[in-house]
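For reference, the chain that follows is the form predicted on its own, supplied as C-alpha cells.
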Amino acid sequence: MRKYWHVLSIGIQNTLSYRVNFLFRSLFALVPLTAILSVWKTIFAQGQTTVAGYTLSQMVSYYLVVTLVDMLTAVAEDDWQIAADIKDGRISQFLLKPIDYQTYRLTLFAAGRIIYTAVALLPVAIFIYFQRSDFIYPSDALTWLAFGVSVAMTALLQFFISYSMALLAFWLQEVSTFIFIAYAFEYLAGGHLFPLDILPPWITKLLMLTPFPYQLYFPVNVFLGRITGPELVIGLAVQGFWVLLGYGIARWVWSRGVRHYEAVGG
C-alpha cells in the first residue's frame, strides 16, 4: 500500500494547484442553491406547512446537506482523465508496472475530494451558518455514524459508475455522450434537483430499485433522520450491494477492455 500513499501525496500536491478554481467553483455553486431555497421559502410562505411530508426546515436542510454530500463525493474530472489515458496510450505504462490502475485512480479521486472539501468547506459552512435557523442536525451519534458510512459508500458508488463509463474508451473514440447521460440520470434520479419522495409513490419506489438514489438522496435522508430503524439497515445493505456490484462491473469492464486494447509506438 506504500505506493498508493505516495500517489495520494502526489495527487494532493497536484490538486493544490487548482485550489483557487475550487474556491470559485464552490462559491458560484451557492448561487443556484440560494435561488432554490428562495423558491421553496416562497412556496411555504403561501401557507403550506408541509410538502410531501417535508417542513420548511427539512426542505432547506435537504438542499444544504445535498451540497455537503456533493462536496464530499462528486466525481469532478476523473472520468475524462481516465478516458484520455486510454485514448492517448498513457494507460500502457500501468500495464507494465506493479500498480492497479483502478486503485491508482481511486486514490487520485480521494486526493481531489480532500483538497476540494478543504477549500469549499469554509464558504459552505458560512452559508449554512446564515441558514442555521432552518438547519436540522442529526439527533444522535448513531445517525451520524450511519450518515458517515453512507457517504463513504456514496463516494465509492459515484467513482465506480464514472470509472466504468470512462473505460468505454477502450471501444469508443468518444465517451462524452455516455458520461453526460450517466450524469443526467444521477442529477434527476439521484435527488439532486428535488427530493424523490415528492414524486408519486410508484415512481419513487421504482427509482429506489436503481443505484441513483443511493448516490445522493439516501445519505441526505439518513442525515435528516427520515430513514431510521429497519429501513435504515435495509437501505445501507442495498447501498452496499450497489457498491459491490459497481466494483465488480468496473473490474469486468477493465479486464475486457485491456484484452481489446492495442498500443502502438514507443
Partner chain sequence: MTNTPLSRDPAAPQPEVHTISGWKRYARVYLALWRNSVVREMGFKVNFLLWIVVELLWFALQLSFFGVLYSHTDRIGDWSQWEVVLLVGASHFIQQMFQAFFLVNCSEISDLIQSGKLDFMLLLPINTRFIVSLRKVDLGAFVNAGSAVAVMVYALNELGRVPSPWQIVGFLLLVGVGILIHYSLMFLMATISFWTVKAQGIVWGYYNLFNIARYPDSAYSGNFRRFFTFILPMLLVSNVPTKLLANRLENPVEILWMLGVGASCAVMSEVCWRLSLSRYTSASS
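What you see is a predicted model; the values in this text were computed from it and never measured. Numbering follows the first chain given and starts at 1.
Heads up, the form predicted together with its partner chain isn't pictured, but that's what we're talking about next.
Does the 4.5 Å heavy atom contact test between Gln48 and its partner chain in the predicted bound form come out positive?
Yes.
Given that the partner is absent here, does Trp252 sit within 4.5 Å of its partner chain in the predicted bound form, heavy atoms only?
Taking the distances in the predicted bound form, the answer for Trp252 is no, it never comes within 4.5 Å of its partner chain.
Since only the chain is shown here, I'm wondering whether Phe180 would be in contact with its partner chain in the predicted bound form (any heavy atom pair within 4.5 Å).
Flag for Phe180 set to yes.
Using a 4.5 angstroms cut-off on non-hydrogen atoms, would Phe185 count as touching its partner chain in the predicted bound form?
Close contact exists here: in the predicted bound form, Phe185 approaches its partner chain to within 4.5 Å, heavy atoms only.
Work out which of Val238, Leu56, Leu207, Ile36 lies within 4.5 Å of its partner chain in the predicted bound form, going by heavy atoms.
Looking at Val238, Leu56, Leu207, Ile36 one by one, just Ile36 meets the 4.5 Å heavy-atom criterion.
Among Phe135, Trp144, Phe194, Tyr101, which has any heavy atom within 4.5 Å of its partner chain in the predicted bound form?
Filtering the options by heavy-atom distance leaves Phe194.
Tell me the stretch among 23 to 31, 210 to 218, 225 to 233, 66 to 74 that has any heavy atom within 4.5 angstroms of its partner chain in the predicted bound form.
It is the stretch 23 to 31.
Do any residues of 194 to 230 have a non-hydrogen atom within 4.5 angstroms of its partner chain in the predicted bound form? If so, which ones, in sequence order?
Heavy-atom contacts to its partner chain in the predicted bound form: Phe194, Ile198, Leu199.
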